[in-house]
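Given as structure tokens, the chain that follows is alone and in the form predicted alone.
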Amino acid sequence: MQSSLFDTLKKFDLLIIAAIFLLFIPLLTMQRTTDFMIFCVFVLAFDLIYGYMGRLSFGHMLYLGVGAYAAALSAEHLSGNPFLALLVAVVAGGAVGLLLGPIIVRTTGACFALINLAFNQVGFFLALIALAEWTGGEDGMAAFYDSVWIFDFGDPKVIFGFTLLCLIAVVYFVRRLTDSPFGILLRTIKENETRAKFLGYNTFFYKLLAFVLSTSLAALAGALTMLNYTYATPSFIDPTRNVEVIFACLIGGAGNVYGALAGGIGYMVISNYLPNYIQRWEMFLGIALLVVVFRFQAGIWGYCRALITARKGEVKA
């Protein structure tokens, strides 16, 4: 019964996800709901290396910022075509991942986390000061996109619908990827990389591939943010904001597509609406993180799944 329940959920999960975000529209503004979906794409990108490969990054905002600025620079210097901007952003994110990945994926543990943070800090400096002539520095830069056929991204309904399609596509891609032999190998590397090497796998190649896929998806989230607001600032690449995606991944449940979505939605709800009622809302985040660490170590989704499994076992007994 328990397995059939989750099999049914998996069969209709894309429709359920779409329905959930559609139901958010009356509760939130359409642009705010679009923000929720973009952040979920970012969490999915981060979870690919943290939840599945077991590598914690303190610098993933770098790749989101690369996507945002690449989309903006594409509109300013190449073409106002929004789809070209998305393509340029994803390619730029993958290129940065391919450039830095051979250095980063050779490390583990705290070294992996901190070297990402170091590169993130370098990227922040470049966007804020060194390349200010191109990025606008602390003032940021605006970009405007042309209408292509029925796609006018100046219309909140269009950007909402397109972002929803992108989220559904990313969920489907990540789910298929992590259920494949490649995903199984990533989890093997997470559990025991030495054993994976002993079995004859080139773990460096698979880690690099996962890292590049993660940076590309993070850049996609940055490009979607640019399309949604048509404005990029150094805050998109600020190293201090890495805590957002880490917290979302932890609260939802690492290593699970649905956990990433639950964490993304949960964090956005807390960060967007709790400040309206509690001035020092960051303290609540700290308390919530302690509760997750000590009581819900598998996150929201992991806890719900374990609870359903336990109840089905009691009924069967």
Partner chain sequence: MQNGMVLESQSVSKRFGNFTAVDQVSYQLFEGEAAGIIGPNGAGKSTFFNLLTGLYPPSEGRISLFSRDVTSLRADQRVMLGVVRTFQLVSVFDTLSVLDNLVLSVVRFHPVAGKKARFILGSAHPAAIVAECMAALERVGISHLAKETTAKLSYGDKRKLEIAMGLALKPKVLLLDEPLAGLSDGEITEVLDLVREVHKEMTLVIIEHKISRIVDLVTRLSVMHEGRLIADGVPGEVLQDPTVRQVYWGAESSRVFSGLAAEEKAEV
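Owing to the predicted nature of the structure, the values given are computational and were not obtained by experimental measurement. Positions refer to the first chain, counted from 1.
Not pictured, yet referred to below: the form predicted together with its partner chain.
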Even though its partner chain is not shown here, does L208 get within 4.5 Å of it in the predicted complex, heavy atoms only? no
Is R241 near its partner chain? Define near as a heavy atom within 4.5 Å, in the predicted complex. no
Does A142 make contact with its partner chain in the predicted complex, using a 4.5 Å heavy atom cut-off? no
Can you tell me if R195 lies within 4.5 angstroms of its partner chain in the predicted complex, counting non-hydrogen atoms only? yes
Would its partner chain in the predicted complex be within 4.5 angstroms of a non-hydrogen atom of every residue among D179, I184 and N202? yes
Can you pick the one in N228, S235, N81, T188 that has a heavy atom within 4.5 Å of its partner chain in the predicted complex? T188
Its partner chain isn't shown here, but in the predicted complex, which of 72-80, 243-251, 88-96, 168-176 has heavy atoms within 4.5 Å of it? 168-176
